[in-house]
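One chain is shown next in structure tokens, namely the form predicted on its own.
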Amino acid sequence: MKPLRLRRLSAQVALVPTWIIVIFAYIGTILWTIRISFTSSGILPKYDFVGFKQYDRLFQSSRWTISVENLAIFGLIFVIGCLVLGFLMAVFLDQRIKGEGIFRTIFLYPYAMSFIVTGLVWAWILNPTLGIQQAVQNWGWHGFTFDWLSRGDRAIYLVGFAGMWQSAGLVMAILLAGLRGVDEDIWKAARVDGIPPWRVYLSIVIPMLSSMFVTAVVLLAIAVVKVYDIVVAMTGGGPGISTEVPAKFVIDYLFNRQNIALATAAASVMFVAVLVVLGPWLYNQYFRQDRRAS
């Protein structure tokens, strides 16, 4: 018994630095951020209390409203596009094609790049004076225009497309692992019954992969909430503030406009949004399963 107790004690002692980091570096900073959002802090933090004044200012700000609307547009394009494209790529690779390793590497390679690199690459490709538009015009189609990146009403759609291109490989990898676990007898039975493959995928395979789809959606949704670098790299939030997103709003008010209170209020709203996304998933993955096991 004593050696077992000693091993348990050693494990608990080894976890002390981790718990210190979690309590002070994560939970502590979260609580401090929420506390500062209820103050009138400017360039330096203050510890007065002004109630929900900063939150009132935040939700009355047209810049914040545009940021949230852009986040919704980006999120829809990003999440739905990644799921559809990632699933199609996974189905393609699941056909046991020749050169599967090469295709898998090609599909997954964009995810190895950061959003900064992705944003810069697509900014060059979509630049009206350097990229697609200029190339097509040099080929003789002088009336061709593709200047969405410089148009405030369309630029956010291109940012969403670039993000989808970067992250679809992650969804492909998750779903491919699930497809490889589908029992081959299901496909044999479907072929015997004359059921078309698309129907098998739609009615049988996709429901079987529901947990993997949920995992992919959660990962993508978290990436949506904190999206910042691809916007800065591609558009800088412009033209004007037409591609502004909440994370950029927070950084601008924290460092450029030196309004810590408003920045922390926005960050607190983003934190609540992450909890809304993660909460049901964490409950289903851990607490609900524990109840079933008991």
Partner chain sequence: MTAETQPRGRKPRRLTASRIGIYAFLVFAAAFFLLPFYVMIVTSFKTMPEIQQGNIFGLPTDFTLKPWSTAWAHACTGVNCEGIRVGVLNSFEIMIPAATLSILLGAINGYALSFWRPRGGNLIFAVLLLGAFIPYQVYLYPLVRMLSKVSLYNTLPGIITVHVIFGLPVMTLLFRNYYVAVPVDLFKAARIDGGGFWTIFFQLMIPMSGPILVVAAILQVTGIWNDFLFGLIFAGRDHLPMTVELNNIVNTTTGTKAYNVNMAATILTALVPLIVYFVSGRWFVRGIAAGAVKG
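Residue numbers count along the first chain shown, from 1. Since the model is a prediction, treat every value here as computed from it, not as a measurement.
One more form of this protein, predicted in complex with the partner chain, exists but is not displayed; see below.
A.B. asks: Using heavy atoms only and a 4.5 Å cut-off, determine which of 212, 83, 77, 158 is in contact with the partner chain in the model of the complex.
C.D. replies: By the 4.5 Å criterion, the partner-contacting residue is 212.
A.B. asks: Can you check whether residue 30 is within 4.5 Å of the partner chain in the model of the complex, heavy atom basis?
C.D. replies: Yes, residue 30 sits close enough to the partner chain in the model of the complex that at least one of its heavy atoms falls within 4.5 Å.
A.B. asks: If we define contact as a non-hydrogen atom of the residue within 4.5 angstroms of the partner, is residue 73 a contact of the partner chain in the model of the complex?
C.D. replies: Residue 73: no, not in contact with the partner chain in the model of the complex.
A.B. asks: Does any part of residue 181 reach within 4.5 Å of the partner chain in the model of the complex? Heavy atoms only, please.
C.D. replies: Because a heavy atom of residue 181 falls inside 4.5 Å of the partner chain in the model of the complex, the answer is yes.
A.B. asks: Does residue 50 reach the partner chain in the model of the complex if we count a contact as any heavy atom within 4.5 Å?
C.D. replies: Result no; residue 50 lies far from the partner chain in the model of the complex.
A.B. asks: Along 101-124, which positions have a non-hydrogen atom within 4.5 Å of the partner chain in the model of the complex?
C.D. replies: Residues within 4.5 Å: 103, 104, 105, 106, 107, 108, 109, 110, 111, 112, 113, 114, 116, 117, 120, 121, 122, 124.
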